[in-house]
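What follows is one chain in structure tokens, specifically the form predicted alone.
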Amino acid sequence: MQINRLHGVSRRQIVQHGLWGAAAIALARLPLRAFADEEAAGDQIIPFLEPQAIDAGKATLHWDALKDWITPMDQFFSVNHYGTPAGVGEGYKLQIDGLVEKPRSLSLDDLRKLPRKEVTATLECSGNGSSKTFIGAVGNAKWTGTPLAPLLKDCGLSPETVEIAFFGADHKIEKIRGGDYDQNFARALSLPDAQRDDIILAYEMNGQPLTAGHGAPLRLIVPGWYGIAWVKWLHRIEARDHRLMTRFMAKDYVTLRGEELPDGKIAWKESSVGPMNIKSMVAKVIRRKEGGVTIFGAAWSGLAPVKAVEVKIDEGEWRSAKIDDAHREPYTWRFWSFDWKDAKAGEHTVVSRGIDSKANIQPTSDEPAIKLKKTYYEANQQWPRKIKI
């Protein structure tokens, strides 16, 4: 779905000729200031001409204040579909059933006694970036819980199992084929996906118990996937021999996208929202006291790690940014910077694009991956930002 060309070099050429190595050497030569202390005495933030819209009533990432690799809790977004359920923690039990030899019912204390695992991962709403007023629904956090795969193994999965479904405690009456039916929020993973060793059942976020808004007492963590898969208020896990096709698997969080065929026709396809696409964002632009301008931002991806970030100013060429190597965890965002040494007075447009390890390049809004996408999910297009120096 991505445009796979970099400075006129095809994806195949990149893989065959090992051009990433040369790119990495070029990046290493660029200076990098620590992201957390980028604003030295006398430095000034150059405000965006179209500032980020902030809803005071909702937690959202403030891009122009970004400096922490772990997102502050008061800026970490939270989304729900059926409302925050009340009293979930009272007498809490996690039920594991379906096609298993040994169904289990586990309290939170039972889960805490199981092997403990920490995973740092970036969480993004799949609709983040779908409009200029919705660009802060992303954050990075350390999640602590117990791995899912050993639990499934201990329960004895049937050979007929093809997927694992996860049900939240939040529920609502849905109109289905003319009738009213009480439905819990639910999502599912294929069996191979559910058996990844980095998927955990989390009860802590950044060293503290989960809050109600973030799924307390238990939440599914699926590193590299959009937030819709990270089921909150988890209360049931079911092993299944056929696909779950509830609202949030079969109707909502389904991307409709067109694919251009060789004969000029367009094939329209629907696909379930799953792993995150490569994405980056210009966070802030700073005028240095000693001269020059530095552009800062973040980049993240799903199952293919961020490999490079490039920056374009006005109608100029794409130029390599320097990626911060302080954190290299596979499913976390990477901070980056670009020293703009020849900045001139006047209005300018700055934009970034991320490139992942499979040579997928973050598209513009005019490229087929975005232009032929008719739903707002998976909105990973580039976001140009305007400034005046």
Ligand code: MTE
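Treat the numbers as computed from the prediction; the structure is a model and nothing was measured. For every residue, the number given is its place in the sequence shown, counted from 1.
The next section is about a form of this same protein that is not shown, the form predicted together with the ligand.
Interface residue remark: Ala298 is not counted as part of the site for the ligand in the predicted complex, having no heavy atom within 4.5 Å. Proximity of Ile228 to the ligand in the predicted complex: non-hydrogen atoms within 4.5 Å are present. Remark: Asn80 counts among the residues lining the ligand in the predicted complex, judged by a heavy atom distance of 4.5 Å or less. Taking non-hydrogen atoms only, Leu123 approaches the ligand to within 4.5 angstroms in the predicted complex.
Among the residues Gly213, Gly98, Gly89, Pro305, the one placing a heavy atom within 4.5 Å of the ligand in the predicted complex is Gly213.
Site annotation in the predicted complex: the residue of Gly168, Pro147, Pro223, Gly136 reaching within 4.5 Å of the ligand with a heavy atom is Gly168. The candidate spot formed by Lys322, Trp336 and Arg353 lies out of contact with the ligand in the predicted complex, as no residue has a heavy atom within 4.5 Å of it. Shown alone, this chain has one stretch from 70-78, 106-114, 269-277, 157-165 that lies within 4.5 Å of the ligand in the predicted complex by heavy atoms: 70-78.
Residues Val231, Lys232, Trp233, Tyr253 of 231-253 are found to place at least one heavy atom within 4.5 Å of the ligand in the predicted complex.
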